[in-house]
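Quick heads-up: it's one chain on its own, the form predicted on its own, in structure tokens.
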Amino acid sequence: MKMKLNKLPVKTTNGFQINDVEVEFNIPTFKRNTDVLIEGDLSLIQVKKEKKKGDLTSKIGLTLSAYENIQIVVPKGVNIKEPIIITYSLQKEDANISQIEIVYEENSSCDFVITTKSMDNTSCFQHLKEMITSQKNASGHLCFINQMNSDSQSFYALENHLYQDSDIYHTVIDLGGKTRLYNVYSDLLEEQAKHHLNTIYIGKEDSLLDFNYYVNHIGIETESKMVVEGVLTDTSHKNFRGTIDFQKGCCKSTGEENENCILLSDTCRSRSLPQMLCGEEDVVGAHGVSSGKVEEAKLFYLMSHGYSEKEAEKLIVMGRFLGILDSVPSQQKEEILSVIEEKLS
């Protein structure tokens, strides 16, 4: 059956064909929920895992029952130096239907790396929802890495609730899957709350990528920034929706979004819609989108120095990605670079 998912919180004209995405979708039947591995210094944080029989819903628009819930609390004043690593490894007849709830108490900090990966070439399914609550003066960097195989479906939803002086940084690295939907909904609830969201994506073959990012500025002097860098090839296609919403009363807030897409074939397709909604005058907002082939001047320069056209394209793409990858922990960064090299070869 076909389902309309990932709907814009505020619709635009139907002519853009980007208010939602229609996905051919049948909720699969799998034998078991995949195993999860949690690594790192768990002695200073609280971790609770439990099976849930109720419904798991998200702003993507899917409702699934029977899921695993992981609740993590970073206690008040606790600062974890090394990231906590959460890994879901999917094999044949596995599904990852999970929710991760992370609560940062006051003056706490902790980074997380969450990876979902296919362990073989069989079709896999995942629906992962993260819920982040960041209390006063808390901070953290959360990195999500999707390494599903090219026959898999992946749905990732993130909801943030950020309070006074909290500073949450997200990095999304999207490297695999046939159907990939992302939904981020972030509430900047109190003064000087900050949310930065960076994304890298690669579309290959006939994959569908759909991003729906929304940041809601409520508190005064709040700050948001989205940076999205991607590349499409073959017959892949991508939709990007980025909405920054300045609510009345969020004076002196700033919001910025930029999405750049490099097209490496004549048959791929990119649609982008940056939106800015403003109910407050004393704010600063900016948005920009670019989509197109690699600049001829850059190609000519690199090829004149002995690189083939493919090698030159890969160098240009990697140059766009490295600024985001610098924020990823070194161990994961090396693996990501290897996967990107392979996919761009």
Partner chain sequence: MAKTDVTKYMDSNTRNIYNLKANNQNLQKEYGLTEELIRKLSSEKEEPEWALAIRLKALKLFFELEDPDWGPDISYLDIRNIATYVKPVKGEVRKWEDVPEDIREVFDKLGIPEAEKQALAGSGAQFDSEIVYHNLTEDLKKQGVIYTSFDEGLKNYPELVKKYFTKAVPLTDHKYIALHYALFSGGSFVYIPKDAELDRPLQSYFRLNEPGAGQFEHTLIIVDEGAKLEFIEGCSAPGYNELNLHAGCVELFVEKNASLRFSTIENWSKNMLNLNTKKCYVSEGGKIEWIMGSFGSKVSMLYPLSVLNGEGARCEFTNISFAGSGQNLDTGLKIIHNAPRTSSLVNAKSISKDGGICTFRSNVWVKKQAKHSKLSLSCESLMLDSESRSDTVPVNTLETDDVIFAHEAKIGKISDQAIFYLMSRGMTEEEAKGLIVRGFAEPIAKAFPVEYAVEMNRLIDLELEGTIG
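What you are looking at is a predicted structure, and each value in this text was computed from that prediction instead of being measured. Residue numbers count along the first chain shown, from 1.
Form predicted in complex with its partner chain: not shown, discussed below.
Enquirer: If the criterion is a non-hydrogen atom within 4.5 angstroms, does every one of C124, V172 and K178 touch its partner chain in the model of the complex?
Expert: No: none of C124, V172 and K178 comes within 4.5 Å of its partner chain in the model of the complex.
Enquirer: So which stretch, 57 to 65, 36 to 44, 316 to 324, 272 to 280, is the one near its partner chain in the model of the complex (non-hydrogen atoms, 4.5 Å)?
Expert: Only one stretch passes the 4.5 Å heavy-atom test: 272 to 280.
Enquirer: Could you tell me which one of E205, E82, D120, D266 places a heavy atom within 4.5 Å of its partner chain in the model of the complex?
Expert: Comparing distances to its partner chain in the model of the complex, the residue within 4.5 Å is D266.
Enquirer: With the partner left out of view, is V284 within 4.5 angstroms of its partner chain in the model of the complex by any non-hydrogen atom?
Expert: Yes, V284 sits close enough to its partner chain in the model of the complex that at least one of its heavy atoms falls within 4.5 Å.
Enquirer: Consider F25 of the chain shown here, and say whether it contacts its partner chain in the model of the complex, taking contact as heavy atoms within 4.5 Å.
Expert: F25: no, not in contact with its partner chain in the model of the complex.
Enquirer: Taking heavy atoms only, is S290 within 4.5 angstroms of its partner chain in the model of the complex?
Expert: Looking in the model of the complex, residue contacts with its partner chain include S290, since a heavy atom lies within 4.5 Å.
Enquirer: Given that the partner is absent here, does Q332 sit within 4.5 Å of its partner chain in the model of the complex, heavy atoms only?
Expert: No, Q332 stays farther than 4.5 Å from its partner chain in the model of the complex.
Enquirer: Could you list the residues in 309 to 335 that come within 4.5 Å of its partner chain in the model of the complex, counting only heavy atoms and keeping sequence order?
Expert: Read in sequence order, no residue approaches its partner chain (within 4.5 Å, in the model of the complex).
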